[in-house]
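Here we start with a single chain on its own, the form predicted alone, put down as structure tokens.
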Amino acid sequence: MEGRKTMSKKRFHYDVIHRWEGNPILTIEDIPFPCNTVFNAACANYKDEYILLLRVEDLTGHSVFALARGKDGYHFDVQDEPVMRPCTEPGCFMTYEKKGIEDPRITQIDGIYYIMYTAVSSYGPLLALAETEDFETFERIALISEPENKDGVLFPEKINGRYARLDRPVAGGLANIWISYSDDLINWGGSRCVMTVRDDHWDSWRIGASAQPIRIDGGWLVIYHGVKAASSGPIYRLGAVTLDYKDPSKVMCRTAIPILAPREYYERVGDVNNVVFSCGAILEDNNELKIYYGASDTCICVGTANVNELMQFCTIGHE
């Protein structure tokens, strides 16, 4: 009808993080050696490349690490063989990695890329540390926690003269985020609880640091995962928190809502349903954050968010 206005439907964006339209960026079809699945990638910039360190579950059901390289942060080529496998040489690493190595996080300090990962055995999960300078050779440093500890991430600079890490020990059924300090990256102490689960929120069951802490104006930005128990199983979502620059045991603000939730089919259906789980993020020069995440323990995806817009969804303090 002439003169009648037509109304276009406005699309509502449910998540703060914008999914790349080409997701997923890596699936089992992209892995050049036999495996069950690929998920949970650490990330780093090295020279003129983007690096992903992928958790790949081999045909035995144990996880190994594979390396992928790319030029634009979206398209990657995976190397022909894993770059780290569970240790098979007699000693403590072999004993505590018999069930696999999982969920790496990469942090660069003074030209060295440190990889904090989870070693898994019949004794339970614990944190381990390795290093590389070129992403060609990798050297294990030490086992650095007691059992029932995961989600370890290393700060990219010392805090008051000491190395610092976030982790997620489990005690009494609780899984909260803690901070610890070290003079040598091997012996850790001075531990304090940083933030806890919220009983009535989307992160009411378990929380853990995801990406390595990123320095921003006013503090440290940490992407974390939060888990809510549902009748059909746990639901993994992502949130964000900023910590005080000089004392990162203090929470400055924390997102009241998840910044990414499993909504797409590849995030809702897979080896483990309803999971988005990050192990790394890269802050670009234009203030855009690239967040790499595993979806349903079946593939690797990437999403982006402007850091300033991300902070608009924060509330002050723990609550």
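Throughout, we count residues from 1 along the sequence that is shown. Note that the structure is predicted; figures quoted are calculated from it, not measured.
If you look for the form predicted together with a small molecule, you will not find it shown, but the lines that follow are about it.
*Asks:* Quick one: R19, E267 and Y292 and the small molecule in the predicted bound form, is every residue within 4.5 Å by at least one heavy atom?
*Replies:* No, none of R19, E267 and Y292 comes within 4.5 Å of the small molecule in the predicted bound form.
*Asks:* Can you work out whether V275 and the small molecule are in contact in the predicted bound form, taking contact to mean some heavy atom pair no more than 4.5 Å apart?
*Replies:* Yes, V275 is a contact residue.
*Asks:* Look up in the predicted bound form whether D15 has a non-hydrogen atom within 4.5 angstroms of the small molecule, and give yes or no.
*Replies:* D15: no, not in contact with the small molecule in the predicted bound form.
*Asks:* Can D103 be called a contact residue for the small molecule in the predicted bound form at 4.5 Å between heavy atoms?
*Replies:* Heavy-atom contact with the small molecule at 4.5 Å: present for D103.
*Asks:* So in the predicted bound form, does any heavy atom of K150 sit within 4.5 Å of the small molecule?
*Replies:* Yes.
*Asks:* Name the stretch: of 258 to 266, 35 to 43, 284 to 292, 22 to 30, exactly one has residues whose heavy atoms fall within 4.5 Å of the small molecule in the predicted bound form.
*Replies:* The contacting stretch is 35 to 43.
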